[in-house]
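The chain below stands alone and is given in structure tokens; this is the form predicted on its own.
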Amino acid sequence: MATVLMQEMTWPAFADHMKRGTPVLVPVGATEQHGYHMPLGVDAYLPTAVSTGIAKAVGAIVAPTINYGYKSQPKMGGGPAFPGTTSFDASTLISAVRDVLRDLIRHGARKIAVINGHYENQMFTIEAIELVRRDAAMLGVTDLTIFRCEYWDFTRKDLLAKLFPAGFPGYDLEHAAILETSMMLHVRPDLVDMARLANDPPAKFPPYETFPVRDGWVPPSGVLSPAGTADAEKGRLLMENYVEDIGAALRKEFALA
């Protein structure tokens, strides 16, 4: 089977995809701490895996992942104090996404999906899309459709209820917890060490921020909610959910067969 990954293609193969109107998925992630038990690249590995599954299902290709994201925030990612967390300024992330999308458009892409894997990236990917639409209009491109999502927003309510019988704590507190750990156990089990999983209680944040961040707000491990019940089967269910439902949305918005 031919690869769906752009970086594994020759330029003539990529050009052929552009001539045929193949959609291009652009995963946007981050390099950010994910506790003692998972690597810094979780927010890049997961949207890449989701995008790859979707591309195989709908007949798309996957551009190289943008592996850095906007600055980690304590309430949703633990914050920048953890060694290894390496981030873009907002303007840099906007420029990076804008540049990638603009060149894809220049090469002929007219159906592009930005698949975000890092909570803090949301508004900056939107700004990049708004700017690149302006760029495209100035170049006379009138048939462009750009789709953008956070993959976790497609999690089905019945699946959440199954995975969290005691109640879902919210996507912000799920950093390095059950959802991400389960998905990593499914797609990259070689990078997860459950023996090192911390037993910290859930993080508790006040309804405000301070700068610098106060000590004690984030659990020492960086995990914001307990992940002890994570397993690969949960990860498989989540991945199937995202591939099926985001794929359906792309078929609709891109008018794919």
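Position 1 is the first residue in the sequence shown; the rest follow in order. Everything quoted here is computed from the prediction, not taken from an experiment.
Another form exists, predicted in complex with another copy of the chain; not displayed. Remarks below refer to it.
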Problem set entry | in the predicted complex, Met194 touching another copy of the chain (heavy atom, 4.5 Å) | no
Problem set entry | Contact test in the predicted complex: Pro226 vs another copy of the chain, heavy atoms, 4.5 Å | no
For this session: Indicate whether another copy of the chain has at least one heavy atom within 4.5 Å of a heavy atom of Gly53 in the predicted complex.
Result: no
Exercise. Using 4.5 Å between non-hydrogen atoms, is Pro64 touching another copy of the chain in the predicted complex?
Worked result: yes
Exercise. Going through 115-129 from first to last, which residues have a non-hydrogen atom within 4.5 Å of another copy of the chain in the predicted complex?
Worked result: Tyr119, Glu120, Gln122, Met123, Phe124, Ile126, Glu127, Ile129
